[in-house]
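Here's a solo chain for you in structure tokens, the form predicted alone.
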Amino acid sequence: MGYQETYQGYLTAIERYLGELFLGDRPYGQLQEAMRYSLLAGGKRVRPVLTCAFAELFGGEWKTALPLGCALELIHTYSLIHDDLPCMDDDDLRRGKPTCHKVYGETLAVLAGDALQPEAFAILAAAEGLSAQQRIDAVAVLAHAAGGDGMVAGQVLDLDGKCRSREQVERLHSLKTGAMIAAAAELGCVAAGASPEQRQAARNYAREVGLAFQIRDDMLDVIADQAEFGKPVGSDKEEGKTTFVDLIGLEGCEREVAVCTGRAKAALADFPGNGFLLELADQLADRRK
């Protein structure tokens, strides 16, 4: 099966799984509506796709890994809801649609994000086909990536606005974006019962893909078509944030994306059946939205 067919197979299963969440009839139904609004707003679902693909690469069943990847997608969605709030980036659009707080108000948007976090860990705790130790490992991976030494720490650095050097900007994004991408890959390893060497290779791949992803994102904030990009273009400059484009220019960014992508692919060179993940790295490097 080719790259597109494999990706679509993962994507269909991911959307089906997410679409079945938070459907109950509740007196506080607007909360669930707000959660589903952002969770089902589209996107490439790169993170749960990585989880499924790494589980399969290392001999596991990707369908067993599916809940782990979807749990991470809940955490990612909560982070986007909160990131868009007026107290943070104050964005009106996300994936071409009004942001959660523009539709449901700030209070409910905050609560929708709050609710998505524990629901993610409930999914991990109940994941079928995994041992108790695997579920514990999955909780540990996701909690570390999303917490005060991971994604949230990156958001603090981002809002602080003091990251000006390349080293500082790379550290910011390794926490804010890269930690969750690495966790997605490692969750697939957990589901597959991968060896420590395999888990390290997955982290190495994800680290480089995550950096390439962010550099490309900075480029798109300058060169993308807003309708295609799905969120405001030029917002980084308006907010006074230092980006990779500021540091090394658009041509330098192009070169760096290629270097990072090459390192990501090299990290998996010794593992048979790596074709999908190699192609995924190339596709992300060349994305337009």
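Numbers follow the displayed sequence, beginning with 1. Predicted, not measured: the structure shown is a model, and the values here were computed from it.
Only in words, not in the display: the form predicted together with a small molecule, which the text now covers.
| request: Name the stretch, out of 163 to 171, 198 to 206, 80 to 88, 103 to 111, where some heavy atom lies within 4.5 Å of the small molecule in the predicted bound form. | output: Only one stretch qualifies here: 80 to 88.
| task | Would you check, heavy atoms only and a 4.5 Å threshold, whether residue 26 touches the small molecule in the predicted bound form? | result | Close contact is absent here: in the predicted bound form, residue 26 is far from the small molecule, nothing within 4.5 Å, heavy atoms only.
| query | Going by a heavy atom distance of 4.5 Å, is residue 44 a contact of the small molecule in the predicted bound form? | reply | The answer is yes: residue 44 has a heavy atom within 4.5 Å of the small molecule.
| task | Using a 4.5 Å heavy atom cut-off, state whether residue 99 contacts the small molecule in the predicted bound form. | result | It does not: once the small molecule is placed as it appears in the predicted bound form, residue 99 has no heavy atom within 4.5 Å of it.
| message | Residue-level question: is residue 139 within 4.5 Å of the small molecule in the predicted bound form, judged on heavy atoms? | response | Output for residue 139 is no: heavy atoms all beyond 4.5 Å of the small molecule.
| query | Of 219, 115, 93, 152, which residue is found within 4.5 angstroms of the small molecule in the predicted bound form when only non-hydrogen atoms are counted? | reply | So the residue touching the small molecule in the predicted bound form, by this definition, is 152.
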